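Next up is one chain by itself, shown in structure tokens, the form predicted alone.
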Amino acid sequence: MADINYEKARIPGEESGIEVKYSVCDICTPGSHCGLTCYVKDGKVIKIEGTKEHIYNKGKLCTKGRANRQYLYRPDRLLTPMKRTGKRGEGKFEPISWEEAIDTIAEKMLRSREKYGADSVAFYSGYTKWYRFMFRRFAHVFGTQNYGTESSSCFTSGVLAWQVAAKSYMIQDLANTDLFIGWGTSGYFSRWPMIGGMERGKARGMKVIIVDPRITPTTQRIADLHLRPHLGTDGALALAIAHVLIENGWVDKPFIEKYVHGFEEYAEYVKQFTPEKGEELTGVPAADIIKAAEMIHKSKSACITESSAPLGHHRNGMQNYRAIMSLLIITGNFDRKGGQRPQVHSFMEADHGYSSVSREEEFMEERFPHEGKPAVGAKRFPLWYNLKEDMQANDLARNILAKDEDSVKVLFALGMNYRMFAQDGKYLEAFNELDFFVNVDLFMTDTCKYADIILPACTSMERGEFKSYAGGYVWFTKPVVEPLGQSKSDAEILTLLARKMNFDDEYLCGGYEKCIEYVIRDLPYTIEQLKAADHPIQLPNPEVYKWGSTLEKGLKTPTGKLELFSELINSHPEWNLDPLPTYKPPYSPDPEKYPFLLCAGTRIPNALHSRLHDMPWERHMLPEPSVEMSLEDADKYGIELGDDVEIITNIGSLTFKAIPTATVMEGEVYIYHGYREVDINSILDGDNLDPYSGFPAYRSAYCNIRRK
């Protein structure tokens, strides 16, 4: 028997000198943060696997998570603080000490506050999100409401829609439902753990409707009914389904009478959305619209999951979302088993089963500067500001370029990526108008090249953080390796600045663990106990939601009921918004000149925005910026696989490689975004924004195509 090379085989133990340590993947949303099993030798991670004992991923990792070692050791990792020596955008910097960096940043921010007021400084968070509860308080203690995040374009549109209807966000009860409606759900490419729940549901007899313009593995493997509306017409489809439900008396009348406000006005409005009209507006056959309504009617319970990206990224996005969720309200699938239930905030905008003893919201709101100027975007997007009280970052470039007394002069950002904004060249113009700009990141991004000072952050494997998961599971991770170079955690950077600026706040000055102690002080575990565990541990007696309890207590809406007709919106006619979930088609600047619907941001399993395209394992799966189009359109324009195709909008044009496919409908094109060498967001109209949420119309823009 041959001798075993323990090191080559990556076998941990004394023979190999390899240790096994545990962390989390924070490449994508904190709603996931899967467990990582890290094999470490000589202070370096040599192998990564999914943690079998982890409550969330149970040993599995997606393609992005599998690449964490490459992510950690990317050649372009920032390793020292740097200050700009050339023009903005040139990328010329020289290393400086942390002391000089912190002194300079603090001095610039304090000087701007003294000269122009606290609102002249804005604070922005991109990825990741683990420190945000601390960062929001930081902005407030500084004295400004100008705190914003990438949630200006992600997730929050759906939250606002539910807040309008119920004053609380809602989540689906997939485990117990009879009918699961996946609206814009592509679980094999995004939110992969949901696929397991869908497959288990199918095994017990659950029916599935998937709403997606494209044919995907989810529509092929999971759906009993696949509805394919044209981009941006989801609201019209929902209203047409509602028409069938109401016309046939397939609604829960006792529930409506007791718990719903505005049903009469809503029912009158949906009369115009017959199945035939729905087919005309959406392209979904009238027979399928009727079938969907029948499936809802025959189900004892129904729930809807959505992604606030495909639904929110339209000029009519939030109203579409309201129309979709109204289907649950009129059928009584609200606050009932198998339907939708309120999500009570435990930690990181999620319900983890200990909301009654979490103090995160209290921590974030305690120092809110109520007497300060309303945040950037408040005037332009008043509903957003009324419900969110954050800066709407899609209005930030306009604010800076206005160069008036309300303009931001200094920007401090953690992980800012200007390429996430529509017509993102405006943000480069805005950066050039700033008095001072700081960006904290892992890598030398194109955004960093415009900063005056860059600070090096570290990954989740180089720091510890508090984590929690559904079912009352909590954990405090530990670093598996030392931070590379001089990199520091985002939270440590905030603490250094808070101390330097003499913040009157013992928690921010005390550091991340001091802040977490505030949040979890009523939990039965200390930070040290949580650190001692290798995996998340469950709280004793985690909260179990009591169905019907929210309705029993009464909702916090103006009427105390579920509002199909929003009295909040109705009470502000100056907002020029509709109280009902009305439908408007996607906006086209010139239908004849730009006849194609364009979806920018189609999900692929190997990338998340632009964060992974510089990693070989991920990039090789789709190395060239590409556009998908129907076989019919490809034939009409003489386009074949791999041809150069010019995408033309009212802002500009770019060239992509063609992928003709039978999965796409005629008249629509889909572009995988995040390739900085061909940045589709740069030619999307930055003013094509949802007036309710401020979200950009990434997924129902208009364009033309031309074979080059």
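Quick note: we count residues from 1 along the sequence shown, nothing fancier. The shown structure was predicted, so the numbers you read here are calculated from the model rather than taken from an experiment.
If you look for the form predicted in complex with a small molecule, you will not find it shown, but the lines that follow are about it.
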For this chain shown on its own, do 58, 167 and 336 all sit within 4.5 Å of the small molecule in the predicted complex, going by heavy atoms? no
For the chain seen here without its partner, which of 370-378, 258-266, 534-542, 148-156 has a heavy atom within 4.5 Å of the small molecule in the predicted complex? 148-156
Among the candidate residues 464, 342, 275, 415, which is the single one with a non-hydrogen atom no more than 4.5 Å from the small molecule in the predicted complex? 415
Consider the chain as shown here, without its partner, and state which of 442, 430, 206, 304 has a heavy atom within 4.5 Å of the small molecule in the predicted complex. 442
Spell out, yes or no, whether the shortest heavy atom distance between residue 39 and the small molecule in the predicted complex is within 4.5 Å. no
Even though the small molecule is not shown here, does residue 222 get within 4.5 Å of it in the predicted complex, heavy atoms only? no
When the contact criterion is heavy atoms within 4.5 Å, does residue 563 count as touching the small molecule in the predicted complex? no
Exercise: residue 197 in contact with the small molecule in the predicted complex, heavy atom 4.5 Å: no
